[in-house]
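As a starting point, one isolated chain is supplied in structure tokens, in the form predicted alone.
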């Protein structure tokens, strides 16, 4: 029973990180219909900025995370202005190629500046605690709590503010949003900023229990795409629930089947769910 509870908590931790990354990805896709393959590079950049801000300037953990949110959000905003906005009338394949180009550029840039070696991020929350028969670090509890707080704040922002309502309106009906005077450029820039900020938060809270290195976003972005396909492309509830489904599946599968297959489980789950529900669990009406 203790092993089951331990793995459920581990799944909750992994799922929280996956959900935050997938949220940023699905926001951009839902509004701009851009499958941003460079989102994994934003996640990687978030980890590096937090780590290097702490190491170079001695900033406390949360202040370094805040700096990372601002910098990565701004990089994502620049990505929209300099890369995706000029391609808005181009064939869809151009967006995908451009995203891969940005991904390679950011990874090469980080490697040139900070090197390719694996780095560990220190945390003030490394203390180990026990409850209900399980043993976890405070950092893992922080990951779960921070993810839930960010998701609630994002939902409140989208539901309770005029800017959030404009983002939702754009995601539901782009033509209708234009007709009522919503500024598409501002919505696109803000959406990319939020997407980058979510990636920075996910990387900053996950890096202390993993490692920071230039390729750290590869597997995360692959799984984020699996999540938003499982949940339904462009669906925010789908991204959240899909992230936790994947996190629990990987954690329980690694324990009760084999840790060698933990990554394979994500893609097996994708095949099974899409066989049953081809448009994803929370697909929007009219979605292809």
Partner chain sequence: MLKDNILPLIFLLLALLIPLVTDNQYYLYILTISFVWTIGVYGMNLISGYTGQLSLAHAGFFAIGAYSVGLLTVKVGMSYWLAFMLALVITTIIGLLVGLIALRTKEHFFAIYTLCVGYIIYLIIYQWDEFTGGVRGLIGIPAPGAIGPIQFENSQALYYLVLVFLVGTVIFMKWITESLVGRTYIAIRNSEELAQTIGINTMRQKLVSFVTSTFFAALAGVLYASVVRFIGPNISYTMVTFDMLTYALVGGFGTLFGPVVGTLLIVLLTQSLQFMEEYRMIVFGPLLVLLVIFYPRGIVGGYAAWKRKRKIKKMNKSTTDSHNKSTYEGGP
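Residue numbers count along the first chain shown, from 1. The shown structure was predicted, so the numbers you read here are calculated from the model rather than taken from an experiment. Throughout, rigid core stands for the largest set of C-alpha atoms superposing within 1.5 Å between the two forms.
Just so you know, the form predicted in complex with its partner chain exists too; it's not on screen, but the next bit is about it.
Would you mind picking the one in 126, 181, 133, 92 that has a heavy atom within 4.5 Å of its partner chain in the model of the complex?
Only one option qualifies, and that one is 92.
Looking in the model of the complex, is its partner chain within 4.5 angstroms of a heavy atom from every one of 157, 164 and 169?
So, no: the whole triplet misses its partner chain.
Any of the heavy atoms of residue 62 lying within 4.5 Å of its partner chain in the model of the complex?
Close contact is absent here: in the model of the complex, residue 62 is far from its partner chain, nothing within 4.5 Å, heavy atoms only.
Can you tell me if residue 35 lies within 4.5 angstroms of its partner chain in the model of the complex, counting non-hydrogen atoms only?
Flag for residue 35 set to yes.
Within a 4.5 Å heavy atom cut-off, is residue 145 in contact with its partner chain in the model of the complex?
Taking the distances in the model of the complex, the answer for residue 145 is no, it never comes within 4.5 Å of its partner chain.
Is residue 57 close to its partner chain in the model of the complex, meaning a heavy atom pair under 4.5 Å apart or at it?
Residue 57: no contact with its partner chain in the model of the complex.
Looking at heavy atoms inside 4.5 Å, which stretch does its partner chain contact in the model of the complex, given the options 99-107, 200-208, 69-77, 147-155?
The contacting stretch here is 99-107.
Would you mind checking 246-267 for residues with a heavy atom within 4.5 Å of its partner chain in the model of the complex?
The stretch touches the partner through 260, 261, 263, 264, 267.
Once you line up the core, how about residue 270: does its CA shift reach 2 Å between this form and the one not shown?
Superposed on the core, residue 270 moves its C-alpha 2 Å or more between this form and the one not shown.
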